[in-house]
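The chain below stands alone and is given as structure tokens, in the form predicted on its own.
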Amino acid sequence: MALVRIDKFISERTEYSRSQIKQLISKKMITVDGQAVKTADMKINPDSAKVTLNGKEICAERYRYILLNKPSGYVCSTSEHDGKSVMELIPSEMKMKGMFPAGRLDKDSLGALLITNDGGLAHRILSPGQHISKIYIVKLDRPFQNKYIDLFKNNLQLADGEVCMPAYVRRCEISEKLAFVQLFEGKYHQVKRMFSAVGNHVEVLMRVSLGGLILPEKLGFGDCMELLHKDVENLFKKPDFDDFCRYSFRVFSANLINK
């Protein structure tokens, strides 16, 4: 493995600039294998060196994957001008340069959102040809009707004439106004527009699954966790919708039933 400069290594894995890293080195806040770094041009093996910044180890991986349980009131944007950004919810020690939300949830929507700096992975997830499964739980204005099942499955036409790919929908066992939806595409406001097309209205929407990556029960709104490689691989798995609804309804319905 080729050796790299310590300032380059840290710059690629944090939000610090090289000039800021030099200042941290002068304050003896950066160590390599337990020894304080003296110069920014020190060379290290990125695969074996243990690098710490202010006592916290810096991961050797260049890409980072974070699962956020998005709360209401935050926008899926990296710009400060769009309002409160989901990026504000990521702790500084978990951030890396170039991180962005891989996908979108409306400002008032909740749930699973992937934050990463891996543009290649994001492209695979968002590519129309990939059709990553996404599962949502929604709170409806009016009771769920069984006719929705066939309507969603048979290329539902939206109010503007746009036609949806086949989707699955199922009433949540705990309430007649809660339902699960599984999509394989990502049209603008799609879940809300689909229910509008069948004469209902979505009051609250929460995404609970991205492929086979299911939002952990203990991850509260506004909290996030770093994903392992095996977790990232789950993005491209397709969960069984009926099994998911059967075993997950109590976990996720509690988040919406009182909203």
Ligand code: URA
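Please read all numbers here as calculations on a predicted model, not as lab measurements. Start at 1 with the first residue shown and count on from there.
Below, we refer to the form predicted in complex with the named molecule, which is not included among the displayed structures.
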May I ask you to state whether Asp106 is within 4.5 Å of the named molecule in the model of the complex, using heavy atom distances?
yes
Any non-hydrogen atom of Lys95 within 4.5 angstroms of the named molecule in the model of the complex:
no
Whether Ile44 contacts the named molecule in the model of the complex should be assessed with a 4.5 Å heavy atom distance threshold; does it?
no
Would you check, heavy atoms only and a 4.5 Å threshold, whether Val191 touches the named molecule in the model of the complex?
yes
If you check Val37, Val232, Ile66, Leu205 against the named molecule in the model of the complex, which one has a heavy atom within 4.5 Å?
Leu205
Within 4.5 Å of the named molecule in the model of the complex, counting heavy atoms only, one of 119-127, 147-155, 95-103, 183-191 shows up; tell me which.
183-191
Can you list, in sequence order, the residues from 122-142 that come within 4.5 Å of the named molecule in the model of the complex, counting heavy atoms only?
Tyr136
